[in-house]
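In structure tokens, the next block holds one chain alone, the form predicted on its own.
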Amino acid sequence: MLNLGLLTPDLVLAGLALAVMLADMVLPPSRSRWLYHLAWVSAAGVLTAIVLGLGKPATMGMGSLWVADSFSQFFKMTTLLAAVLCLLLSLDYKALPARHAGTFGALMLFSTAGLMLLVSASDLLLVFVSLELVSISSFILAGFERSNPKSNEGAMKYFLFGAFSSAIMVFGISLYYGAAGTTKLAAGLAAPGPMLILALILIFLGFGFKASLAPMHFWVPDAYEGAPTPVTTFLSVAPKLATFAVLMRVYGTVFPSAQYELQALVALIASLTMTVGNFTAFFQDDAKRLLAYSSIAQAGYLLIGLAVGTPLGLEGVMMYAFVYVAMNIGAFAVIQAVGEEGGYGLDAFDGLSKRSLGLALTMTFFLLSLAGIPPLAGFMGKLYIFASAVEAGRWWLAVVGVVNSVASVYFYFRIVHRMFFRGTRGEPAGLRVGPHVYGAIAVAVAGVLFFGIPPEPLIAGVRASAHLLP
């Protein structure tokens, strides 16, 4: 196939996932924990290889069904970074059975490889195959705690909604083929007739499931609540961001939403997603469900960049995607540390500042960034996205975003209030937090600080990466 070497990082990661599965067959059970290390080192190695290859002509080009450009490399690095941090969290997650470490690590790597293929896809066939690789791996990961009824329930709902969205996408792809005569994504293949527009809408709805856009979000709270916390963390970040990369490629450049009169629909879904996510989070008493609705709202903010369809909107999506990895994974890392000791209800955070002041401060730090409070990185991401809406004349969309950001402060600070102004249940006792969780939190804190207070390095990197090949 033409230029298959452009997918070398993706294929290497898939090969390493197979190696983790094979190693699981030969390692004795007493050493199965090593497989977690093998998995995260594999993802970190591929991430390093992509970073070292940035800017080299050999890593750029177009293949039969794929494209390798600076835009896809940016989202591959983002996805791999999320995978590395989530695999580190898995090392200190006690509910994962050690005997299934190889299976868990391999599924995480397969899902990541599928996301890498997804952001490079230039043909709907590869898009669908990549999504199915991600979905099948994610269905199993979501139900990995087989003794937990909530995990089984969440995985089943995830599977059913996933099958339904896949059917919608396949139907959209068939209509696209009927209108364009091919499954390749390229501008100018067909006039914007009714069949093509309907195809693009159905394909968009299929993507909306993965990105947890309203009204395709119903699976999210139960799946996030029941899944192992490292899996919840991964699902809340990596598939969402990779899906937005594809959305920006398809509806931002190949079939611009303005040209096909889809901007109003995308803007409506963005507003609905922000509002449903934020205002439903008010009523949640489980930390994982609360952040599940928060992640739905964050998808709405990201969708603003697609709705405006401008270069500034593209840069805003990329900037917010990168900082979202740090602040969301950091918040879930603290939730995992607290939840393994006292459960995931909000009352588990009561008096956390007396038990672990460091965790309470870092959790506050991440929540402030998610709310978009300056000078943290979340503020810079939202500033770019809202500015793109104002620049494009869609000021009302920016107003909806700002109102939702202000509203989100309420439910984020429900956790902060409990950590600092509620008494502990019984005598205060220190939390036993594993070193890998602390490592993930440290990386997340560094990312939120470094790309928030001096945002110039991230802005420069985003501008250098916001170039899509045809």
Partner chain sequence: MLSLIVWSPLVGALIVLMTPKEKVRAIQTVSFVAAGVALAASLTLLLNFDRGSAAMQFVERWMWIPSLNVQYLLGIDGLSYPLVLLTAFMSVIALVGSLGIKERVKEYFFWFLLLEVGMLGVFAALDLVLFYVFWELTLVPMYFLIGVWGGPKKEFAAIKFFLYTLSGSVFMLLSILALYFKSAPHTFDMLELMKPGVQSLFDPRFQILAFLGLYFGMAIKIPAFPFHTWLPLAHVEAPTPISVILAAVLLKMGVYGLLRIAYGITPLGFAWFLPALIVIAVINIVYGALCAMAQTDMKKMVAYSSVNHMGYCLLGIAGMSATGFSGAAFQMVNHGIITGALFLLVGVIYDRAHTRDVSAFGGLALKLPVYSGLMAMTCFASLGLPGLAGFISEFMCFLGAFSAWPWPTAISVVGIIATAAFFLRMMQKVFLGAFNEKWAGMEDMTARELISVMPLAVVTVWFGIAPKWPLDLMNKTIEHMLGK
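Bear in mind that the values here come from a model prediction, so they are computed numbers and not experimental data. Positions refer to the first chain, counted from 1.
Although not depicted, the form predicted together with its partner chain is the subject of the following passage.
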Whether 353, 409 and 456 all lie within 4.5 angstroms of its partner chain in the predicted complex by heavy atom: yes
Considering non-hydrogen atoms and a 4.5 Å limit, which listed residue (198, 170, 361, 348) is close to its partner chain in the predicted complex? 361
Of the options 374, 311, 342, 192, which one has a non-hydrogen atom that comes within 4.5 Å of its partner chain in the predicted complex? 374
Given a 4.5 Å cut-off on heavy atoms, tell me which of 353 to 361, 157 to 165, 229 to 237, 135 to 143 is the interface stretch with its partner chain in the predicted complex. 353 to 361
Is it the case that residue 402, even though its partner is missing from this view, gets within 4.5 Å of its partner chain in the predicted complex, heavy atoms only? yes
Going by a heavy atom distance of 4.5 Å, is residue 417 a contact of its partner chain in the predicted complex? yes
Please determine whether residue 438 contacts its partner chain in the predicted complex, using a 4.5 Å cut-off between heavy atoms. no
Residue-level contact is defined here as any heavy atom of the residue lying within 4.5 Å of its partner chain in the predicted complex; does residue 128 satisfy this criterion? no
Can you name the residues of 364 to 390 that have a heavy atom within 4.5 Å of its partner chain in the predicted complex? 364, 368, 373, 374, 375, 379, 380, 383, 384, 386, 387, 390
